[in-house]
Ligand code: ASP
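Here you get one chain, nothing else, as structure tokens; it is the form predicted on its own.
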């Protein structure tokens, strides 16, 4: 019998309606078998841990990510898998951060949540929890990575982004296929899983928040752009550019980036598109970025780029080493080795 720790951080999935007041209140996860009796049918033991206080995912921040890593690290030897119940708004960020902070992971960590509270009649939370538990308790597969399970699909967590606030199909993985699909049976795509590590598990517990996200758009003002690049303590910038990494060619724009790079700030070029990759030099409007030392993010998501930056800046000091790690895949976040 597998042991699974269900960690409730907060979010819609853990809310139920109070019968007297009608207000939504946090569900007692220790009573999960009462809420979902079907879970008793799986060959596993579910234990629960709840953040206190619980966190709306819009309030998620690095200190909570570190706390989540500490919970997993503390219980790592006691459990076979972990399920993290989390709000959807920042779930892709959390999944990405965990993928980097949990090195040589040889157990399955699944994040899931819902668009409607667990206590509502049409909630998607019921199926999401059941699917996550079935995958986490499986004896036929081992998935050594941080995943998101939502609306019948299991995704590599650091490849996802939330694209929908209205329908149950909330997440999208534009540059990597789903790892599993739940229908009448569960179809696992084992060839897409990360390889089982041979080195010991290691949990990192440092993050550097001195990272900025700047989205390029038509009409971007020089004053705004320079102000962002001149922030005190800034170490890295995720630059969201057009298409395959294209950006303005105006002199002030190039000069501002060049000056930032000369000050030691690392500029990481990612695409605003939900699918596709940065290919600097493919067009003239991106060739100048490569020439001044902007780093290509290839097909990484914005969420994963920010998470990776915070992780690398928090745990490594050598700038060239950080650049090398940004351009190579550490946890399957890039389609390059």
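None of the values given here were measured: they were computed from a predicted structure. Positions refer to the first chain, counted from 1.
Below, we refer to the form predicted in complex with aspartic acid (ASP), which is not included among the displayed structures.
Interface residue among 108, 92, 99, 114, judged by heavy atoms within 4.5 Å of aspartic acid (ASP) in the predicted bound form: 114. Partner contact region in the predicted bound form: 49-57, out of 30-38, 297-305, 49-57, 274-282, criterion any non-hydrogen atom within 4.5 Å of aspartic acid (ASP). Interface residue remark: residue 88 is counted as part of the site for aspartic acid (ASP) in the predicted bound form, having a heavy atom within 4.5 Å.
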